[in-house]
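Quick heads-up: it's one chain on its own, the form predicted on its own, in structure tokens.
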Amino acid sequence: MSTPFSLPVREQPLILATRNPGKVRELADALRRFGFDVRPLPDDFPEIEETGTTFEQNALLKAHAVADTLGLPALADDSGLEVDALNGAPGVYSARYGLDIPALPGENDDARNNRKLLAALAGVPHPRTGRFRCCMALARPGRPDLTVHGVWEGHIADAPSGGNGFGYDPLFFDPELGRISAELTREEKNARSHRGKALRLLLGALEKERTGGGAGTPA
């Protein structure tokens, strides 16, 4: 029975189409356990402009930019935070949401994004509901694309807390766990997160292909 690729799965290279070290950490271990030879994006690969208006468009754009150029399977995700009180913002602009305001001394982009978000929510009563949303896209030369989606519902806290994770993790409160995302271990976060859910769906779809269940895009 054929596999999704021309080589045995254990030998398959897979490029992670991201330079975000937090995303690489969250994805690489599970993909290696599945049998991929996970490789980083080459240092000299040009910056990929995210021109899509949805998470799925951006994920596919990035995955194809890498796969079509290098001739290897490439996995990309586009993800962000949607806040109900802000009509879904920052959404697809999550990574660059706060870049239009001056940075404070020693402040990185994540901290600036979080600071702008808290300012936008000043005076908004609790619960300030929102969600992390992720679309993950696998582009493979000569094979159908795979896209999957994951969602993590929660609330936006009043102030940053915790030292783990990245992005908006210090402000994202999981009401079922009663903890902030940045307070979770990597294993705890992967079990709950939008990206962890999407990754499990992706690996399930690949396993279905591997065992002859056919290709397609999971709902």
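Position 1 is the first residue in the sequence shown; the rest follow in order. All of these numbers come straight from a predicted model, not from anything done at the bench.
The form predicted together with inosine 5'-triphosphate (ITT) exists for this protein as well; it is not shown, and the discussion that follows is about that form.
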Counting only heavy atoms and a 4.5 Å cutoff, which of 64-72, 31-39, 187-195, 155-163 contacts inosine 5'-triphosphate (ITT) in the predicted complex? 187-195
Could you confirm whether residue 50 comes within 4.5 Å of inosine 5'-triphosphate (ITT) in the predicted complex, counting heavy atoms only? yes
Would you check, heavy atoms only and a 4.5 Å threshold, whether residue 12 touches inosine 5'-triphosphate (ITT) in the predicted complex? no
Using a 4.5 Å heavy atom cut-off, state whether residue 19 contacts inosine 5'-triphosphate (ITT) in the predicted complex. yes
Proximity of residue 147 to inosine 5'-triphosphate (ITT) in the predicted complex, heavy atoms at 4.5 Å: no
Quick one: from 174, 56, 183, 26, grab the residue that has a heavy atom within 4.5 Å of inosine 5'-triphosphate (ITT) in the predicted complex. 26
Taking inosine 5'-triphosphate (ITT) in the predicted complex, which residues of 157-173 have any heavy atom within 4.5 Å of it? 166, 167, 168, 169
